[in-house]
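Just one chain follows, in the form predicted on its own, and it is written as structure tokens.
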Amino acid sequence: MNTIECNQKCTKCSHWKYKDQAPRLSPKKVVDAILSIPSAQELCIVGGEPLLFKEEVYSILEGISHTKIRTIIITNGVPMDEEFIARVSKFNIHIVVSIDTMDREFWRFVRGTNSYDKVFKNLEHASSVLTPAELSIQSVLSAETQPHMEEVAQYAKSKNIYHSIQDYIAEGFEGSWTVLPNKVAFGPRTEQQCYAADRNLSIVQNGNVYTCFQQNWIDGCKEPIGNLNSLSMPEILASYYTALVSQKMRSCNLPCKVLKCNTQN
């Protein structure tokens, strides 16, 4: 999570109301942390809006380009211009564009800005350059957006773009959308409740490292497991506190279970 800042004013979250409060973590430290994990398979760059800091993204992509690690970039699509697509298309990437409606008027409610034309212009160009394996659309499902899902799906199909749907959770986002009732999360096929345990790591803009973005929801696990400005990733992972947090995660059954980062399927 390279920033909490955003260039939209989406009603599903309040991240755009905040500014990064600490000096930026250098891309080199991010790269060093990733390269120190031999089993790393995938890097996901999120925000806020991560493309507010494109040069950092380019540096990270270049730094891990000799590996087989795939980088997923989740963007609202506004800064995803032709120059950006040209620069990242040579890397092992997958870009996920957030699209929750095809309706212009409802778009203003969703985004809080009139960015419809710019996003779809950028998306049209990206779909003409990138392969289906390099580009997809993700929608957030709530009571407000549910009537719009089918039209988004049809648009994605017309462009040969994969469309995924992420359930909305209110916790941690401070948005005004409504969670759909009776959502069921299908956990892993073992006694372990959260598949993210011992599998995911989250790095935030100030260098703090967590086992997941919702780690601080777990009782006794509010503090980060370390900070890359003072410790290396191997040092962080070897700590007693990290082992304790991972142990608690295995039996964690918090509302974020409806997200897809912590299930096998």
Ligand SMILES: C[S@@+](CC[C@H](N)C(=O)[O-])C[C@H]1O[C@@H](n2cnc3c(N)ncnc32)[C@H](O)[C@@H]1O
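All residue numbers are counted from 1 along the displayed sequence. Remember, it's a predicted structure, so these values are computed and weren't measured experimentally.
Absent from the display: the form predicted in complex with the ligand. The rest refers to it.
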Using a 4.5 Å heavy atom cut-off, indicate which stretch of 150 to 158, 70 to 78, 83 to 91, 119 to 127 touches the ligand in the predicted complex.
70 to 78
None of G48, G207, P27, P224 but one has a heavy atom within 4.5 Å of the ligand in the predicted complex; the exception is G48
Heavy atom of each of C13, Q138 and Q166 within 4.5 Å of the ligand in the predicted complex:
yes
Closest heavy atom of F173 to the ligand in the predicted complex, within 4.5 Å or not?
yes
Exercise: T101 in contact with the ligand in the predicted complex, heavy atom 4.5 Å:
no
